[in-house]
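We begin with a single chain expressed as structure tokens, specifically the form predicted alone.
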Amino acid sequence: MEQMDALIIGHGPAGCSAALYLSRAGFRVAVVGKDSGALERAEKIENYYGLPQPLRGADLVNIGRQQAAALGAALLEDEALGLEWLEDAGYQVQLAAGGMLTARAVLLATGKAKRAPAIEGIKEFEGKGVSYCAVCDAFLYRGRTVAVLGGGVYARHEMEALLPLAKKVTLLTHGTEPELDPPKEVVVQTARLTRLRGGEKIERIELENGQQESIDGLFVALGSASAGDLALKLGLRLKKDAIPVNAKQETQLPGLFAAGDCTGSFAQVAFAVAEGAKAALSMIAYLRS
């Protein structure tokens, strides 16, 4: 397990902007990211200060990464699966490749937090059977029947946390084939999930093919873990699918910061870069204190 001073999850404009300031201040910085979302697919950027000519989004992203690496930041092409607090070491992130990183300060900068899928009942049953963190809540479902909504590495990570405790685990791929072979104990349902039913708590799910199944809990793990997913794992509540921060980019948890689209700010490179810089200055003050 490698110990860093600062860990940045997300290597887009907000994350790499923060990495520049933290590295120049002499801190050990790791930047973890899998992709840079919509910016990486942008055909032309021409409304950003200092560009002598229009630039592809992917090229702008690569320049930012190269700057951060040149100043000493460690850039890891990996996916963050989980984030937790360790009292004696700060924050710990689990990576898809299997490693662990710990840091005293963490910046969430993975872009816009994912909205809950448009499935009837999913918002209504949040906290009443619908969970976004298997590591947090698996113990509550020991000996019970649960389902995981997803089909990739993140979903497999959630299943592995549930299997030792739950009576039965079903993987709901929501109309797609699973990206990875699920554990042999897991039942796979590829039909789309259409609605959740129950009273005070979730009691059953209904699939597009008309099939119904009784469940006690549903763990949402579609795609990769977003900044919002990681915040939820630490107990933070989102506000309109965004991570609430103050003027210093601080969340409600000490040492945890957020910047860029995941905070609900205006979705422009200039805003992401500015928030990344503000977050870095706040992280520097936190680390030095």
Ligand SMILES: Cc1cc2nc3c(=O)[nH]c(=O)nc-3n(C[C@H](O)[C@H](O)[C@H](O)COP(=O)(O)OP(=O)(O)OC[C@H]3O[C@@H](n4cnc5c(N)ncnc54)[C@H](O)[C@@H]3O)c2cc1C
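Computed from a predicted model, the values in this text were never measured in an experiment. Residue numbers run from 1 along the displayed sequence.
Just so you know, the form predicted together with the named molecule exists too; it's not on screen, but the next bit is about it.
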According to a 4.5 angstroms non-hydrogen atom cut-off, is residue 107 in contact with the named molecule in the predicted complex? no
I'd like to check something about residue 111: if you look in the predicted complex, is any of its heavy atoms closer than or equal to 4.5 Å to a heavy atom of the named molecule? yes
Contact of residue 222 with the named molecule in the predicted complex (heavy atom, 4.5 Å): no
May I ask you to state whether residue 80 is within 4.5 Å of the named molecule in the predicted complex, using heavy atom distances? yes
Contact segment among 43-51, 22-30, 240-248, 66-74, judged by heavy atoms lying within 4.5 Å of the named molecule in the predicted complex: 43-51
For the stretch 9-32, I need every residue with any heavy atom inside 4.5 Å of the named molecule in the predicted complex, listed N to C. 9, 10, 11, 12, 13, 14, 15, 32
